[in-house]
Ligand SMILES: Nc1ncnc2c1ncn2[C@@H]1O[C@H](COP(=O)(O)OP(=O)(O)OP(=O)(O)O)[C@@H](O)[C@H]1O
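Take a look at this single chain in structure tokens; it is the form predicted on its own.
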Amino acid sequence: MLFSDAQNLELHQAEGLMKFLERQPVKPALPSLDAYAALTRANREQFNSLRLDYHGSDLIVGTPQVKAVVRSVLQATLVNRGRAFGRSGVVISGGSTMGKTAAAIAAMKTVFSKYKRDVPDFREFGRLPVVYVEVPAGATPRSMMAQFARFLGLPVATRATLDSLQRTVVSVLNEVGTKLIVVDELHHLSDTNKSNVESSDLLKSLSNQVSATFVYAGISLHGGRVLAGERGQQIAGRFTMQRLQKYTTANADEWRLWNGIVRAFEEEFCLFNHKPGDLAEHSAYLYDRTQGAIGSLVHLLTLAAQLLVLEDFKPEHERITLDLLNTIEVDIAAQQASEAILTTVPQSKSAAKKSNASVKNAA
């Protein structure tokens, strides 16, 4: 059961993205313990394989920051309704493991679901409501436009000029009625060379020519070169900023928020003996391990759930414990941050107890 036969959808192609946005992770229904025990080994493995796929299916929990991104994108889309120029957009900025792409995907899924509700037979009309591209490293205007062309399934001839590519892409995007365009990895653009400046100008040109709401996502865009200077100010004047940061636990309200996020993840588990709230006493531990980074928390908790299923424990033993969490390695950034804090401010057992007491009081 280590490997999955689930289809790997390519988000950088129109058909793959549409299938991904239509696909909703379905939590397998847990049978009773007696019913599970009565399953044949083959049927039990099949059921557990479904649970492994579910826990690894890019689950996105509606944290406050994710909800804020979705709300901003919907508001920008509303403002742009019928607008011919000066359209609004959203910038999603933050460090690594802050959940930028996950937040962008949540926004895409929301816009797509609303569009599908309004135009249920959109495929018959050849509509493509959402587009997703990534800025390649060392982007040039032509390579940027080639990304859009490949997403749309358009041929990119070796001798095709930037102007011809742009005209074709703009024509197709307007023809298929695209409403939302997400441009990820925007930090690959900067003012350090002419090509990146021209690529930035190209994106501005596209936002003027295509009747869609643009969302830009990337690392530390709020303090980078992309929004600096005259060109950056043009974006800053029309786009709203959603800055994703690590969650903090400086007071009772922040502890309450962090504890709620942990509980929200627990509600997504498909385990026999783990209930929402079981990790409340380990909330401080989870914060120490992840330093408030959502990406790190997702990795730690989903892998713990998958290990319980993969090991095929007795159902009554399917509960995430501190011993299990201690066997799982988090990403290097979270590990280094955690070690740095422990080295600077060693936490005694009494301090740990006090921290857990704060969590319980905030719950």
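Sequential numbering from 1, following the sequence displayed. Keep in mind the model is a prediction, meaning the values are calculated, not measured.
There is also a form predicted together with the named molecule; it is not shown, and the following applies to it.
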Is there a heavy atom of residue 294 lying 4.5 Å or less from a heavy atom of the named molecule in the predicted complex? yes
Is residue 304 a contact residue for the named molecule in the predicted complex, using a 4.5 Å heavy atom cut-off? no
Classify residue 102 as contacting or not contacting the named molecule in the predicted complex by the rule of any non-hydrogen atom within 4.5 angstroms, answering yes or no. yes
With heavy atoms only and a cut-off of 4.5 Å, decide whether residue 78 touches the named molecule in the predicted complex. no
Option touching the named molecule, based on a heavy atom within 4.5 Å in the predicted complex, out of 285, 122, 272, 265: 265
The named molecule isn't shown here, but in the predicted complex which of 143, 166, 209, 97 has a heavy atom within 4.5 Å of it? 97
Which of 46-54, 31-39, 322-330, 59-67 lies within 4.5 Å of the named molecule in the predicted complex, heavy atoms considered? The stretch 59-67
